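Take a look at this single chain, the form predicted alone, given in structure tokens.
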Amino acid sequence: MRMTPALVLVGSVVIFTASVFAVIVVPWQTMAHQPSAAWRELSADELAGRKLYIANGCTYCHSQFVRTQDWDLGMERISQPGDYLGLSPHLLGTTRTGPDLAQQGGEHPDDWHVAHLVSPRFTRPQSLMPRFEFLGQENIRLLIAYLQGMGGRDADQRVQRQQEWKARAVAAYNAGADENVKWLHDNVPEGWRPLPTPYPATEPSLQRGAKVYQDFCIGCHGPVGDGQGPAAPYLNPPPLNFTTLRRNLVDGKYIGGILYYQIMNGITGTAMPYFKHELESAKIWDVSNFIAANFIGFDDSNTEPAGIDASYEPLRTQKPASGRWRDHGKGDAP
């Protein structure tokens, strides 16, 4: 085929037409003309927060678009065209240096967001996100309003639940340390309370637990587990002080199942988030062993009811590294 002026002209027209179709016609056909079930108009504070979100480049690291292939990331709802009705420009984003924020509203209470925006490493020790303390408290409040609105009506329900549980959590904290712990324990399902940590607190378990604690917990609970991490001044109620829990042992021990449930499911209304989408079961048990052995001063690991041991575990007659062990619930091992 010879390259003639006519062929160049025809080819150029074809390419131009295809480009217009792909860039203009197809997106126009898929534009939402009806709101989704979750959509609602943004409030004045949320719109102001959205402007701050754009001005500070948040969209470069956080997407707002959950695709079908994202289910494995713990997403709860696939994004729909009607979610973005009336918003211009759309802030879908193309990079997920940080987590997707399409359904962020109500995932955390406001005080967690304050600590996180002042210094992200206060709440997420491994975060790459820059500090936004320079915005000032009023702008941080507006930015949080926008974040808490992400998800529309679904987010509103989560935010309301956070506020309802926060009122109860603050009341329990103000009632005193023992009443607070009792309230926390009472809100763990009964089946979890008598469950001991099934994995022994061996030296490898404690080392793995220490790594999980440093990566996820130290910003709030502090390096010695006293609840005095750098995020603590921003949080109400404050993070739990593990070092005072020895007096709250149940039947002579602090139940491992309680720790596991609270780490897995979080404590809604407080700054304690859930970690079931980030930590597999073994890591939650390992960090439970670490907290129990190093901060509470007693662990109930590998006691009855125990079932069949995993293949990598030492013999149950072998004393764990923590030095605090019960021989099938019959007393301390020699």
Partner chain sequence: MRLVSDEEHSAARAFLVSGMVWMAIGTTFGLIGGIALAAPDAIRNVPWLVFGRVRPVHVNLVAVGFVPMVLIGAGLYLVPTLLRTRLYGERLAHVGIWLYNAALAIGAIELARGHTQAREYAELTWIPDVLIVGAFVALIISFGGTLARRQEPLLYVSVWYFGAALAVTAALYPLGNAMWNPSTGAVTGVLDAILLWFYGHNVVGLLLTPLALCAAYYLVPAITRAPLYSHTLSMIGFWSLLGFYTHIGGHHLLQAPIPVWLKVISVIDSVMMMIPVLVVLVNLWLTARGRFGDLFASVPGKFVLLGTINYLIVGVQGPLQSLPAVQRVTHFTQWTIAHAHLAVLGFTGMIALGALYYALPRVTGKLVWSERLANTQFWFVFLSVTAFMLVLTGAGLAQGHAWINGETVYRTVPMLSPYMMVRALFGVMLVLAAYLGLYNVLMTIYRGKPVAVEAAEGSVRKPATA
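Residue numbers count along the first chain shown, from 1. Since this is a predicted model, take the numbers as computed values, not measurements.
Not on display, but discussed next: the form predicted together with the partner chain.
With the partner left out here, the partner chain still marks one of 85-93, 159-167, 229-237, 255-263 in the model of the complex; by a 4.5 Å heavy atom cut-off that stretch is 85-93.
For the residues 152, 198, 98, 222, the 4.5 Å heavy atom test against the partner chain in the model of the complex is passed only by 98.
Put simply, residue 283 is close to the partner chain in the model of the complex: some heavy atom of it is within 4.5 Å.
Within 4.5 Å of some heavy atom of the partner chain in the model of the complex lies at least one heavy atom of residue 56.
Contact check for residue 183: every heavy atom lies farther than 4.5 Å from the partner chain in the model of the complex. Using a 4.5 angstroms threshold between heavy atoms, residue 72 counts as touching the partner chain in the model of the complex. Residues of 127-141 that come within 4.5 Å of the partner chain in the model of the complex, judged by any heavy atom, are 127, 128, 129, 130, 131, 132, 133, 134 in sequence order.
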